[in-house]
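This document starts with one chain, in the form predicted alone, laid out as structure tokens.
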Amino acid sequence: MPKLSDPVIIRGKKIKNRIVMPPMVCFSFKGDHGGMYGEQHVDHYTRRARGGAGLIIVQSTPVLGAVEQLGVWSSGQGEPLEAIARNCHGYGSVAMVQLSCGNVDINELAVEQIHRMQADCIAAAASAKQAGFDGVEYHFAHGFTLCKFLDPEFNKRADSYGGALQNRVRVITEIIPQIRGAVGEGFIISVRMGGNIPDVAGAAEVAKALEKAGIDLLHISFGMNMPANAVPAGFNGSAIAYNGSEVKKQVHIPVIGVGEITTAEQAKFLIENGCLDLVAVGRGMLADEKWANEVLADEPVNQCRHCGDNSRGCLWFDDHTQCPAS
């Protein structure tokens, strides 16, 4: 069976181990010159790359304005992103950026608005590649805009973007050829989606459709709501991680699992038992930037103290200086 230290190759990109730093918004960081990103972000991701993470996914970044090269996609705001990608590569980490379409009611969008959003999704991927990133992850989880397309209980559209499964995934599947044309063959296209949209069976069907359409990697979190399903006895992980393991059984592309994975024991269990292909360690890496190197060396880590019931109660998210473990 695989080990945490084993590499994974996706689209020719060698991820040196199975440990992922997932996208986590740095709410208390300040961007340079009024932009979204700055030196605090560069230092933050560089430290986790130096700390051994095989794959680093930069926080949720809006695609809005990518076609016109405005906002975060303007030439004046690109330098921090370029530095993040460059520094991650310097420490042997594969670097991706998560792309988000905000949080709007998809049932109220005109088709023309969906097409403009798709155009920004394509342009943002092209800009991410130009900045030096190895791939992008489209944010189809946590109840945000793209997530709402996938969930049949929320998506009430009566056109080609609602109803049947092939319609609910169309917002991404119909533009994958254009994305691939813009970024080339050696670039990872990933989707972060819920493992409960509205349940595991529904998520598995979405995952299979995304794989068939050409998605390279899946990152399974939660959908419109946190999962309420039980976890079998003996499974060393959360309901989110368990749902990811169930989705993995239905696809042939690599699956990242996430959700309250903070200890070496959990990470090793999930990989060594074939439950997941990669494990995303969020709060663990916020508490200890060297988490990956220490776990791989069987050394003790500076353990996350689980402030709040879940990541939404994490003190680091509100103000990184208040984290009692970091």
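Just count from 1 along the sequence shown to find any residue number. Just so it is clear, the model here is predicted, and its values are computed rather than measured.
This protein has a second form, the form predicted in complex with a small molecule, left out of what is shown; the following refers to that one.
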Original post:
Any idea which of 293-301, 65-73, 266-274, 52-60 reaches within 4.5 Å of the small molecule in the model of the complex, heavy atoms considered?
Top reply: 52-60
Original post:
Is there any non-hydrogen atom of Ser190 lying within 4.5 Å of the small molecule in the model of the complex?
Top reply: no
Original post:
Does Gln77 reach the small molecule in the model of the complex, with heavy atoms at most 4.5 Å apart?
Top reply: no
**OP:** Determine whether any heavy atom of Gln98 comes within 4.5 Å of a heavy atom of the small molecule in the model of the complex, and answer yes or no.
**Re:** yes
Original post:
Does any heavy atom of Ile15 come within 4.5 Å of a heavy atom of the small molecule in the model of the complex?
Top reply: no
